[in-house]
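Shown below, as structure tokens, is a lone chain in the form predicted on its own; questions about how it binds or moves come after it.
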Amino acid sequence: MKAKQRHTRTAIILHWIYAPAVITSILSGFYIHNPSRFNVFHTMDSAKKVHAVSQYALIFSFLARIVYGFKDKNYREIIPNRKTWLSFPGFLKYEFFLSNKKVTYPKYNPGQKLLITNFALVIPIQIITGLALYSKKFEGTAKAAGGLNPVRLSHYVLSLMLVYSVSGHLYFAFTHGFKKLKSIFTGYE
């Protein structure tokens, strides 16, 4: 039986730029926020360097993924539509072991669609709050938000939202079959 293509090479490359950038941004950001609690780096300087590099990788891959999504029109597979919302209760029943009826979806299940859409909504705000904290060029943004402390708190809360989204994404990746997991490396299931 011929393997079915699930992801294009471009989508795979962008995913593997995006994924490490999100994870290293979260880890280095938590360290910068509270070094004694998230002791994953040796020094603040190394955490800041990792954070800066991962942020640029994240910005690049995020913008490239959006452009690619519109160019290839694959954003339609990701953004929740009416059908997604109608199938959501059945999806939740299956995921919470309240039903044995497993529904198959063309590419992404409703949970994955919501998580990926959440990434697309949170990342731009995270980039803006990060730039407001990082650069004096965005000082006006921090002032408009009430100062650096509200921006810092927003940035932290958004980071927590990303942690929950990454956790959910990994849950779906590891629990919905080896073929689907393999496809993010090979493109085929």
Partner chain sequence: MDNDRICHGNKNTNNHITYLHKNNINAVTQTLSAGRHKKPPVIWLGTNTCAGDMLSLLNTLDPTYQSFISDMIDLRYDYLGGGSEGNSSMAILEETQRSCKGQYILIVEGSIPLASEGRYSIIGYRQGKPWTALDAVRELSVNARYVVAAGTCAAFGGIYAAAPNLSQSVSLQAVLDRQVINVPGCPINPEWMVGTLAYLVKGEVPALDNYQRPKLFFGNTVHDRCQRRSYFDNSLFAKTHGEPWCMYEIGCKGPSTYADCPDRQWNGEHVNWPVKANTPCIGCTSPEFIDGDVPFFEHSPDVKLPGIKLTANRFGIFTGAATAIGIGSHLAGSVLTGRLAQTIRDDFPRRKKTKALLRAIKAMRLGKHKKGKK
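Please read all numbers here as calculations on a predicted model, not as lab measurements. Numbering follows the first chain given and starts at 1.
The discussion below concerns the form predicted in complex with the partner chain, not included here.
*Asks:* When the partner chain is placed as it is in the predicted bound form, which of 65 to 73, 36 to 44, 50 to 58, 121 to 129 ends up with heavy atoms within 4.5 Å of it?
*Replies:* Selected stretch: 36 to 44.
*Asks:* Does residue 172 reach the partner chain in the predicted bound form, with heavy atoms at most 4.5 Å apart?
*Replies:* Residue-level check for residue 172: yes, a contact with the partner chain.
*Asks:* How about residue 152: is it within 4.5 Å of the partner chain in the predicted bound form, going by heavy atoms?
*Replies:* The answer is yes: residue 152 has a heavy atom within 4.5 Å of the partner chain.
*Asks:* Any chance residue 179 has a heavy atom within 4.5 Å of the partner chain in the predicted bound form?
*Replies:* Judged by the heavy-atom cut-off of 4.5 Å, residue 179 is in contact with the partner chain in the predicted bound form.
*Asks:* So, in the predicted bound form, is residue 99 in contact with the partner chain at a 4.5 angstroms heavy atom limit?
*Replies:* Close contact exists here: in the predicted bound form, residue 99 approaches the partner chain to within 4.5 Å, heavy atoms only.
*Asks:* Suppose contact means any heavy atom within 4.5 Å; which members of 141 to 173 contact the partner chain in the predicted bound form?
*Replies:* 142, 143, 146, 147, 148, 149, 150, 152, 153, 156, 157, 160, 164, 167, 168, 171, 172 sit within 4.5 Å of the partner.
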